[in-house]
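Have a look below at one chain only, the form predicted on its own, in structure tokens format.
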Amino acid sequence: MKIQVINPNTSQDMTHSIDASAKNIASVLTEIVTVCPKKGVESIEGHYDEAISAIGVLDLVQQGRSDAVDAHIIACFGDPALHAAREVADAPVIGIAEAAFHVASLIATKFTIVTTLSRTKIIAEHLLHEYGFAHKCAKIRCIDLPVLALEQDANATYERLKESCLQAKTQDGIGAIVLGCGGMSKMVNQLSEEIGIPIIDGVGAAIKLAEALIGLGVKTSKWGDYAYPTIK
């Protein structure tokens, strides 16, 4: 099977990081193709950035469809252009936030999200309500570092992330933690070992859900609102 992983921003460093995380978790028979748009924004940290990134995401989904990929993953925690991508794709399209929420809810009654900047908190809240997981999320914690800092100073970022995860574990009354950025995926294994609580990375969760959907032989419904866009 072939899975296309889309980093919606233009950062090559983050694309390489996401690619490594995806390949690390994928089954040996799964081919991972990780891409990012040539034009857009270098990081996605708000509603404006998500809007700018949407066209690039949709173009890459169309490219993946032409290349006959078996699933598409949108590797940004805001799940930008997810519903539109499902309209233009026939293979499953999975956003890493939705994937992480599903997985966390299967192993814990409550979870906390640990994400980047405080301004992105509202986006996570909107997604929790849209996907029906608001009652499962105890708290959204922000380490207040920009997305690109995840690649520029990994050690400092890890310490901030670790501190926030420890606070979530001891203070929030939860059973699991969801990492709120695709760029955090490379830190999930070390965090899980040190914190001693299930920590869910959306990239890994999306890969495994995509493999499951492919194995089940199901695709994106083309009946109803996910029907192909009307030609105009």
Ligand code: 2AL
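Predicted model only: the values in this text are computed from it and were never measured. Residues carry their position along the shown sequence, with the first being 1.
Another form, the form predicted together with the named molecule, is not on view; read the next lines as being about it.
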Of these, 116-124, 155-163, 129-137, 101-109, which stretch puts a heavy atom within 4.5 angstroms of the named molecule in the predicted complex?
116-124
Can you work out whether G180 and the named molecule are in contact in the predicted complex, taking contact to mean some heavy atom pair no more than 4.5 Å apart?
yes
Any non-hydrogen atom of I44 within 4.5 angstroms of the named molecule in the predicted complex
yes
Please check if S21 has a heavy atom lying within 4.5 Å of any heavy atom of the named molecule in the predicted complex.
no
Would you check, heavy atoms only and a 4.5 Å threshold, whether A71 touches the named molecule in the predicted complex?
no
Between C76, I94, A89, A81, only one gets a heavy atom within 4.5 angstroms of the named molecule in the predicted complex; which residue is that?
C76
Residues in 1-21 that come within 4.5 Å of the named molecule in the predicted complex by at least one heavy atom, in order, are N9, M14
